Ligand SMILES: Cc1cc2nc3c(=O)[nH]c(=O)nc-3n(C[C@H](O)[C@H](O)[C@H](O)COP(=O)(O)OP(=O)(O)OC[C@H]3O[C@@H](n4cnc5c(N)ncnc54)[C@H](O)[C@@H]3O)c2cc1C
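Okay, here we've got a single chain as structure tokens, the form predicted alone, with questions on binding and movement later.
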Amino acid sequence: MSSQAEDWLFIRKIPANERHFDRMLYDVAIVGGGVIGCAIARALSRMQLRVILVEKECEIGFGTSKSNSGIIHAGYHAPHGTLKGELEWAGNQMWDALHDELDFGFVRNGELMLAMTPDQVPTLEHYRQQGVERGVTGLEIWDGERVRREEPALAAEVVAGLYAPTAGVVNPYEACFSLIDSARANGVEVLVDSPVEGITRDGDGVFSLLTRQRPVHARFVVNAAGVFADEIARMAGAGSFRIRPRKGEEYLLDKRLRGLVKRIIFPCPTAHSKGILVIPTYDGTLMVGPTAVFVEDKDNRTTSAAGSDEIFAAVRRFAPGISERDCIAEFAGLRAVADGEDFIIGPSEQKGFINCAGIQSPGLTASPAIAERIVAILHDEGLEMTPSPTYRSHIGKRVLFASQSLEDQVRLAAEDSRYGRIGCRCEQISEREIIEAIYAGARTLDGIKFRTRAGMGRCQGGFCSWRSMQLLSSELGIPMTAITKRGGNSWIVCDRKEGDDA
């Protein structure tokens, strides 16, 4: 095994649980294991604190973050006078350092906001000026000829475009895992499959979170529970705001369209949505979407024929080479929309209970800045913080077998035969990478998928799922019937009882 691979595997091993006494007192309990909660956990891990993150799903990042568009916005979208506007640009500037310290896919490929008619050009100028006032660099308005020269696949009807080089794309679930891996390596404890079912506070000001696994006691609580943040706040008597889920359907396209567009393509936005986009993902595939529809059910992640029709009709107006026939996967995510559409970040009427709610777009972009804001709020609320002398900012880099030269692939396979066995043919993911994902915390097929891309190719797991299940079974010592796609009741196979029909 190479030293680089050993370092990656060592740093990403899940730390052994420390003493799980019923009255263990944490300094901070974070509710919610999406990208916001994970960013906060890592920021707090720089200090000598006892921190725990509590997540309702069976794995980190399995809520909104799993179905995020993965866009690092350029910094000019959100209006002045809002927390979104303040933290969008601040967060944008922090991603390069994060990318240097952690191991996730990120590239600044830029974005274009398109005007399809002359009356939309003033909108481009409005956003350009908003960005300039905020300090966003490199903003330019291109005429239609320049737009088509830079992006030949765009429609001849494009009149102009606002170009922003500061935008980028990230693998959001990969960023989530890297943040929490770093936090764990620096002492943060993680409790998954643990929805919070009640919150009390005793006379000493200690909060007790009743979870499915065990009670969690903490001096401070940070509510980063996404679409459920209003319910968590109500349990604690710490807020009367409402979260309305806004569902967005997304469609992933075949890799044959790789390079059709190089930049993120936006239409002119509406009052409630940035519109339906074309997004070149970090891994090279194109993604189109999202829709923007309010739903009442906070678990409603269904896709629909109507959503597909809306998306592809909208996209074809400015990128006519895109067709629904190229779709290889579809999914939906829920954005946590709070009253007033802005972020809710700050102390509540319950001292020590901090709300971090309503974090919709550009929440991913702003997440590192949001984490720093939460650390500052906790300090102002009385949490003593001393920098940890053992804090490690970097984690080891993964060995991505498919991206290695043929010579290095031969060397790796000679050092470890599991590199020489391919678990996912579409994405060329080795069995060694799948096993490393299991060591890092993957307990489901989706856990492997989002850590390695095994199952993300054209066959969507048709060939590799069974081998991934075998590896989960052997490495975890569990039967195949205990393995699920994404936790809960999403079983893949079940026991065949004696007497069942063949």
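For every residue, the number given is its place in the sequence shown, counted from 1. From a predicted model like this one, the values you see are computed outputs, not experimental measurements.
The same protein also exists as the form predicted in complex with the ligand; that form is not shown, yet it is the one meant from here on.
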{"query": "Partner-contacting position among G396, G110, P195, G307 - heavy atom within 4.5 Å of the ligand in the predicted bound form", "finding": "P195"}
{"query": "Heavy atom within 4.5 Å of the ligand in the predicted bound form - residue from A225, I180, V221, A164", "finding": "A225"}
{"query": "Per-stretch contact check against the ligand in the predicted bound form, the hit in 64-72, 431-439, 457-465, 473-481 (non-hydrogen atom, 4.5 angstroms)", "finding": "64-72"}
{"query": "Complete contact of V31, L334 and L364 with the ligand in the predicted bound form (any heavy atom, 4.5 Å)", "finding": "yes"}
{"query": "Any non-hydrogen atom of Q360 within 4.5 angstroms of the ligand in the predicted bound form", "finding": "yes"}
{"query": "Interface membership of I448, the ligand in the predicted bound form, 4.5 Å heavy atom rule", "finding": "no"}
{"query": "E250: touches the ligand in the predicted bound form, heavy atom cutoff 4.5 angstroms", "finding": "yes"}
{"query": "Contact flag, A41 vs the ligand in the predicted bound form, heavy atom cut 4.5 Å", "finding": "no"}
